[in-house]
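Next comes just one chain, in structure tokens: the form predicted alone.
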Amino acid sequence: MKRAIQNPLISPKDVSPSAEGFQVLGAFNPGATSFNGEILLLIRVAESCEQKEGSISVPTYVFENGTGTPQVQTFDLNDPDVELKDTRGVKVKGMEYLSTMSHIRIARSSDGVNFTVDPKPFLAPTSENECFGIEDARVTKIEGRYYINYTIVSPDSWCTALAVTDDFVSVERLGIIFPPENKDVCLFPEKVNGKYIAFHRPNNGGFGKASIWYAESPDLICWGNHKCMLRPRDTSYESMKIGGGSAPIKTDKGWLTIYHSKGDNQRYSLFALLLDLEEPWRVIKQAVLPLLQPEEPYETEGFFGNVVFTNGMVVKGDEIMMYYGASDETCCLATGSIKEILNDL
């Protein structure tokens, strides 16, 4: 893959805060699609609060009648009921608050490189099961509509929800499709053998390591026929876990997908994978070496360094435009040839 010389394409400074008293720490992990002659990125925007000496402020939402209103909640550090939890948040009288919270914002571009970020969130928390934020959207065009799956976070942990839009202005939420703890869901762009297909990544709290699973659905809501289709290999790249990227690409040789791995020293890399067209849980070929791994300063340094993470690709002929998050902080672009990737597998 060839990195865009303009990287990073979008940084926190390019995004306006969603509420007074909030500050943007990251604009990363973009879902991607083509729409009305433009490329749209669905960016994860992570925000914290401006801090004052002697207190700690955290971003929160107040929910009423299906609407979430962002607000800043401040606690006195001298209060014995206030307990700091390293850099991730604070506990007050048994109730936990996070130090950062994410929502999804749209960025728009006519050339796929120069983006303008919308001033307001596209998907933000609207209920208690999203009260710790919305993360890592993936968008897939299926039967003429744009389906967006995303991770929602709450005190009940994290899971995957689904929404649909026709214009990227209004959006209909369809609810939770994979319950806790499950994320990295990738929807296929078409049915296979009459069923909708998805990858998902349940958390392994007992045996084994977090792996990529396969599932089928008659309606995109109810999922079954689950299969563990790919497990982490015993390598430095995949020593911790693996997970799906964005919607697979249909080729004459099979379904081409790019997945992420987390390896030694919590380092994330990206790998190519080829799956059978009729039995998408069956692996035909799997790359030995990564397509992309952290090398540039914006990938090795940042909010959480040594991370490249993709959940959005746009295909133009033979070219893959792979948008990815770098160091949990910025949005970047790398391009490559489908034929070359397939030949190298």
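Keep in mind the model is a prediction, meaning the values are calculated, not measured. Heads up: residue numbers just count along the shown sequence, starting at 1.
The discussion below concerns the form predicted together with another copy of the chain, not included here.
- Think of it this way: in the model of the complex, another copy of the chain has a heavy atom of just one of L274, L162, V153, L123 within 4.5 Å, and the residue is V153.
- Though another copy of the chain is absent from this view, in the model of the complex it lies within 4.5 Å of a heavy atom of just one residue from Y259, F199, Y268, F132, which is F132.
- Contact check for E238: no non-hydrogen atom falls within 4.5 Å of another copy of the chain in the model of the complex.
- For C186, no non-hydrogen atom is located within 4.5 Å of another copy of the chain in the model of the complex, even though that partner is not displayed.
- The closest heavy atom approach of V169 to another copy of the chain in the model of the complex falls outside 4.5 Å.
- Not displayed here, another copy of the chain is kept clear of G144 by more than 4.5 Å at the level of heavy atoms in the model of the complex.
- With another copy of the chain left out of view, the stretch that reaches within 4.5 Å of it through heavy atoms in the model of the complex is, among 73-81, 240-248, 175-183, 136-144, 175-183.
- Of the residues in 226-241, those that come within 4.5 Å of another copy of the chain in the model of the complex through at least one heavy atom are, in sequence order, H226, C228, R231.
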